[in-house]
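Given as structure tokens, the chain that follows is alone and in the form predicted on its own.
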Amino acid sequence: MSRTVKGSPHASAPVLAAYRYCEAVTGHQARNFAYGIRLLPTEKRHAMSALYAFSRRVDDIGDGPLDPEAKRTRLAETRALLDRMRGGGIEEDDTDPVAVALAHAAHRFPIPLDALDELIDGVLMDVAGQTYETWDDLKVYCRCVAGAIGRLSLGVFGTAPGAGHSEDELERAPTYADTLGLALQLTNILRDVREDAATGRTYLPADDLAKFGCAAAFRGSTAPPDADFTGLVHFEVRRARALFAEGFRLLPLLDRRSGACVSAMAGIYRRLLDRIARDPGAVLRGRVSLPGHEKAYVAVRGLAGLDARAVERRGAGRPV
């Protein structure tokens, strides 16, 4: 992977319009994500918006009202669109603005588009109603739907070699990005445990649920009788914190603004995880979120490079 991203030629009016469409989708559908990418220079912000808009399309197919067979057909069509993109078959005047924007971004940056096939694979797991017996099983799903996004994003960010960073450390950047994606996804799973149960989905490993007496679905505002729901949440929080600690080793390898973007997005979720840890039952009563002033503080920390410097001070740790 190239470690520097050169400036691109001036984008045409149709391409700029496609990027504006993707930015509108991102701003409306993903406030936490949009909060972070505002810290990027224009070209990288455009590329990240295009990645989000395409990923959102895939997610919406999986979460939508279509029957399973229709969802599989739509996902196959989306995979075929990716094949066209890889083959250079998307013209600037194509009627699909997301395809136009993402094709342009992939020409500009070394984005590993094959990772979007992994995202489609993960959504197909949802369509099949797959459940997960162990954490190792769940990791496969998380790497498809979130770790892949981390690696795609790294294609836009690139790495910025600095003093003290070995070649081996720089080569581990995709692994750190993947692990940070796992941390974010596990946080999402904890936050949405009741909402997912209401739609018949269970993501937490069956082994963990059984260990804490929580095999029954979380459809109400209280945990099942005799369940150690607090113990379950704290167990998963510790796992997620270990993933964050490993994934945050990516920060010192990025340039200042890319590092600020990652620090803001991941920092919001890490603080969300802390809020869940303080009151595990909150996830059964409603959607846990952070107030705007706290998100702003996280962004300021990112811009100041505080999280990246904290990682460097801790030094190398053991991989998760």
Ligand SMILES: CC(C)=CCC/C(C)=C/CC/C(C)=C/COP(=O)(O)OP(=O)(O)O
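Throughout, we count residues from 1 along the sequence that is shown. All figures in this text were calculated on a predicted structure; none of them were measured in a lab.
FYI, the form predicted in complex with this ligand isn't displayed, but the following is about it.
**Student:** Each of 71, 130 and 132 near this ligand in the predicted bound form, meaning some heavy atom within 4.5 Å?
**Tutor:** No: no residue has a heavy atom within 4.5 Å of the partner.
**Student:** Counting any heavy atom within 4.5 Å as contact, can you tell me which stretch out of 200 to 208, 235 to 243, 89 to 97, 173 to 181 lines this ligand in the predicted bound form?
**Tutor:** Of the options given, it is 173 to 181.
**Student:** Of the residues 103, 149, 156, 193, which one places a heavy atom within 4.5 Å of this ligand in the predicted bound form?
**Tutor:** The residue in contact is 149.
**Student:** In the predicted bound form, does residue 262 have a heavy atom within 4.5 Å of this ligand?
**Tutor:** Residue-level check for residue 262: yes, a contact with this ligand.
**Student:** Should residue 57 be counted as a contact of this ligand in the predicted bound form, where contact means heavy atoms within 4.5 Å?
**Tutor:** No, residue 57 is distant from the partner.
**Student:** Would residue 275 count as touching this ligand in the predicted bound form under a 4.5 Å heavy atom rule?
**Tutor:** Taking the distances in the predicted bound form, the answer for residue 275 is no, it never comes within 4.5 Å of this ligand.
**Student:** So, residue 285 and this ligand: in the predicted bound form, are they within 4.5 Å at any heavy atom pair?
**Tutor:** No, no contact at 4.5 Å.
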